[in-house]
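Presented as structure tokens, the chain that follows is alone, the form predicted on its own.
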């Protein structure tokens, strides 16, 4: 088992990474926590249909007083209405601060479950237990717990570090291809911004001529190495800038435009990873426009995109809606915008006050034509 010990101002906590760790899930709860009486697992109907029965068996076998709250699947359910539903359940179960909330699902469940755990009784114990690639390599780590509001992504939330993260790479082998692509976009982000070895591993382990290549990739033992590398990078970044005041903004490469694409699509038609995938290409084009990188840099990234089936053409959305979403970006102020751009592989740079003309032009050139 690989263990990453994260040390932040709010809390120290372990990230446990091991294929098959699910079988020892209850043992790890008992080993890492004392004095708890109840465990509440928050999940969604899609995850529960696949893993729910086994999870119940493990909880029962461990003789824990446990409850499972099942929500609808989808980004559109990461809202205050869902949070209210969970609060009512926690009150019904008579949950106290010493008890444990387990967020068992993808990024939506991790964000929502974490938000609820952070605010119920001013904070109950939280275990992030991601079942998707995007959850395992990114969203479960770092303590950002949020909900959407009025189709504005991640606008209500706070920082609340988990007490433990459990990552079982076997869980992702049940994902549909769309969800694999969702996670691969974040992995490529880590490779472009922080660790070119990740890109090399992807290049060497994906056979472009094989249509089932993504399913085969995530079953390879080397994919656990990719997960570990991403987790390690994220933990180092979080330790340097826990509250996202500067350095941690680098993790938002591709997210600035990506979140706007998600909002323009009403958080339903395009998932987070797909939007980030497109957003990274727009950010690269802005970098080219500003003479930070040469055009062949984009060609190199597109070649990898094609191997990984990552989308790089934005659907026919209203460009005014996309641009309008920029005003909600947390890195922006009323007088200044801030983009994460590139001077090359693993050479990110903060760039301020990019003109709207350039942004619009780079979105337009990557948009599907009628």
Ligand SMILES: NC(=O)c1ccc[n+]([C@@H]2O[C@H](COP(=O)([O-])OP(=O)(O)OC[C@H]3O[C@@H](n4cnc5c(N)ncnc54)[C@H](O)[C@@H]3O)[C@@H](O)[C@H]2O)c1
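Small disclaimer: the values here were computed from a predicted structure and weren't measured. Positions refer to the first chain, counted from 1.
The discussion below concerns the form predicted in complex with the ligand, not included here.
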| property | result |
| --- | --- |
| Residue among 150, 98, 210, 174 with a heavy atom within 4.5 Å of the ligand in the predicted bound form | 174 |
| Selected contact from 307, 343, 338, 46, since only one has a non-hydrogen atom within 4.5 angstroms of the ligand in the predicted bound form | 46 |
| Interface segment, criterion being heavy atoms within 4.5 Å of the ligand in the predicted bound form, picked from 119-127, 282-290, 132-140, 80-88 | 132-140 |
| Output flag, 163, 237 and 331 jointly within 4.5 Å of the ligand in the predicted bound form, heavy atom basis | no |
| Residue 108 within 4.5 Å of the ligand in the predicted bound form, heavy atoms | yes |
| Heavy atom of residue 179 within 4.5 Å of the ligand in the predicted bound form | yes |
| Contact test in the predicted bound form: residue 73 vs the ligand, heavy atoms, 4.5 Å | yes |
| Residue contact check: residue 154 to the ligand in the predicted bound form, 4.5 Å heavy atom | yes |
| Contacts with the ligand in the predicted bound form - residues in 1-16 whose heavy atoms fall within 4.5 Å | none |
